[in-house]
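Take a look at this single chain, the form predicted on its own, given in structure tokens.
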């Protein structure tokens, strides 16, 4: 006889564990399957959390060496202890994963340890045991996209998993891919002394971000010492020698050349992870990119089976998965769960940070939407000057006819935190004038948001 639950969630990443907890709060008997030894999925174990710990540590080191003197803080001979830095990262990961385990116990969510596979539409197996549920959620997340001709060994040719666990600072790190992950981890090792070269197939960085922001970003990263090879593809990696020899070619075709590196980070994107679930056997539909196909309520084509997070369409972001997890749990409980995909922020956690929500200028032009632009530089913000972090600006886009806020894009100090008020504004359908007429404390970085909103109407006060 199978153990029976109201809901089984497959995968304990941000989408899965949040879905399980919310469903338990709503009175369901819930189990969550996780094959890792710890909960939290890629994000907490080898993704978002450990990478941010290393970003913070490397930023601290860089600030002591290069920025503190301007504030009258003279540090003398400064060095870093990489094993201790890695130890701090591991402690942060452990605290977070144990926190999720505590929340499972608090909310009476059963952790089924092992790998899940569908037996029927309402039954899964985990090891030798079978478990049945009225509803089953696929929340198995994503994995790094491989690059043909470049074999991963997680030592010299690494994914993000290997890049957060290097035993020493590479002399030369080549990052293949100019997106969030590659630039964040490239920033870590650049601050610690590595020469970093980013090879990107497209002719720009962070292709999902606003073009003007991306251009400013590249200039700032170049100033930090990063090198870029845009419009370039990597076709082969030779590991026979002491260094990795990469074969590079122009993306449009042309003469090949060789670039050598101590470590190569492959960060060309992520893909849905559905291997070994047995989806074909029960008839769950997937699209051309291997993602599980769902309707507006996260339901697959098989009754009782749902999917959320990186395994379905949409941006592969932890907070997007969390929102979907909550919405689905509430739908299953008979409530009206909903996710506004037009109000999901994206953040690149370099320094300065980049944060974005809503539509970009390029998207508005392509859609034929008439819009207004308001911009304000951090150079003119009093708090940013006091901090010594004046790179970047806030850029707001509003509808030309109604003034409704359509997009917000920030490059600058703490952009990932500042963006929250603009996510709220878009969620509630606010206009640029609504933001402009909202009192912002002085002196704060957020005043740049108010000034950009004023600039939409041509009436910024401090520039």
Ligand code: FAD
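Numbering follows the first chain given and starts at 1. Everything numeric in this text was worked out from a predicted model, so none of it was measured.
What comes next is about the form predicted in complex with the named molecule, which is not displayed.
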Triplet 352, 372 and 456 all within 4.5 Å of the named molecule in the predicted bound form via a heavy atom
no
Indicate whether residue 140 is a 4.5 Å heavy atom neighbour of the named molecule in the predicted bound form.
yes
Though only this chain appears here, would residue 114 touch the named molecule in the predicted bound form if you measure heavy atom gaps against 4.5 Å?
yes
Partner proximity in the predicted bound form: residue 160 to the named molecule, non-hydrogen atom cutoff 4.5 Å:
yes
Check whether residue 430 has any heavy atom within 4.5 Å of a heavy atom of the named molecule in the predicted bound form, and answer yes or no.
no
Assert contact residue (the named molecule, in the predicted bound form, non-hydrogen atom within 4.5 Å, options 214, 181, 133, 326) equals 181
Among 36, 62, 29, 404, just one has a heavy atom within 4.5 Å of the named molecule in the predicted bound form, namely 36
I need the one stretch from 392-400, 407-415, 63-71, 48-56 whose residues put non-hydrogen atoms within 4.5 angstroms of the named molecule in the predicted bound form.
48-56
So which bits of 254-286 sit within 4.5 Å of the named molecule in the predicted bound form, heavy atoms only?
270, 273, 277
